[in-house]
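So this first bit is one chain, no partners, the form predicted on its own, shown in structure tokens.
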Amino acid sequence: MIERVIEVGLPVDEKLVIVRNRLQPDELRGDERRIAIVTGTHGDELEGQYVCYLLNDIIQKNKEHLHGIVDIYPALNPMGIDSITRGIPMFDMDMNRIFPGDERGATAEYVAAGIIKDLSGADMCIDIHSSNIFLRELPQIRINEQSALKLLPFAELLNMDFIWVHSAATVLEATLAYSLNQIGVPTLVVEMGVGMRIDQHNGQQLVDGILNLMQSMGIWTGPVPNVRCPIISRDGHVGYINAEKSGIFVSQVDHLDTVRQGDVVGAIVSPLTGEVLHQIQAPCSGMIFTLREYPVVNEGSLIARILGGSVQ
């Protein structure tokens, strides 16, 4: 059942419309649990589009196994997706920095408040993101350490490669996930892939995890593939590599590669002179989980993240 969550008038007789597709059993008992799948907050993050398609397809072809409510929100920022813009066009702002919004505020704040209102009361929310066009991320869940105790048991069911419990930052307080967790809606943030692209393997991996989570919640009784046991890491176990020179990054590693401290990760080279400007070495031992996708770098650009140290 496709429903309009919020509709706002725009200039030149246009409208900003956010919709959801509610999937539920034909007959309701009144005590069904509800899970929300949310994506499209950033217009250049498209991995969630494929996840929404797959989940819709599986549930609608196997409706007899559905015993709860699944709300799918494929585009919280539909204008951003249409215009291939990360933020909200015309308003020049990141939608994931204005929650929980304000019903009496400007247009973007009004929309954010409407989204929070519609999601309130859900038993679980999965907030799906991709990386930007510069970095490729291994499928992962990111949890604010303030919510880790409550969210970790759910995160372990989602079939991701690892879970990153990170320290709080001021900017996180304006995100959808933080705002929902604050009002009692358990919300997990998924990061995977690269901006403006869809990796079908990543999508299927997450859908298998969502079905597994739905099964544990009593929402789904259909078959569920075996899911992987994720690595769990905290901020102190993550090493960062940033470019020390500007130039072209040439990688010598890939996702899931294990490196030792001092190993060569890649090089920054000059097309003009043919010289190696900087040979990049791993600052610690561990596994590559974030890697530069766009080869042009400036001094300070993030090259990679390494999952190292003591992990669970």
Partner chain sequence: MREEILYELHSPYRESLKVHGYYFGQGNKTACIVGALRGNEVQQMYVCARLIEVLKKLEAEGAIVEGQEILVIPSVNHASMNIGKRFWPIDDTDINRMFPGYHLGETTQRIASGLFEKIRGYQYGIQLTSFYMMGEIIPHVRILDLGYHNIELAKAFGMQYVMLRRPRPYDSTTLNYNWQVWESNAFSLYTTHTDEFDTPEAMRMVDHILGFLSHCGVITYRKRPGYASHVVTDKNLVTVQTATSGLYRYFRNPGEVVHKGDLLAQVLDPFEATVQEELFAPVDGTVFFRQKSHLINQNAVAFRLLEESTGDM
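These numbers come from a predicted model, not from an experiment. Residue numbers count along the first chain shown, from 1.
Below, we turn to the form predicted in complex with the partner chain, even though it does not appear here.
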Within a 4.5 Å heavy atom cut-off, is residue 284 in contact with the partner chain in the predicted bound form?
no
Decide whether residue 246 counts as a contact residue for the partner chain in the predicted bound form under a heavy atom distance cut-off of 4.5 Å.
yes
Indicate whether the partner chain has at least one heavy atom within 4.5 Å of a heavy atom of residue 107 in the predicted bound form.
yes
Partner contact for residue 288 in the predicted bound form: the partner chain, 4.5 angstroms, heavy atom
no
From the candidate stretches 154 to 162, 184 to 192, 229 to 237, 90 to 98, select the single one in contact with the partner chain in the predicted bound form, where contact means a heavy atom within 4.5 Å.
90 to 98
Within 4.5 Å of the partner chain in the predicted bound form, do we find a heavy atom from each of 134, 174 and 296?
yes
Could you work out which of 216, 221, 242, 204 is the residue within 4.5 angstroms of the partner chain in the predicted bound form, going by heavy atoms?
242
If we check the partner chain in the predicted bound form, which of the residues in 11 to 37 reach within 4.5 angstroms of it by a non-hydrogen atom?
11, 12, 13
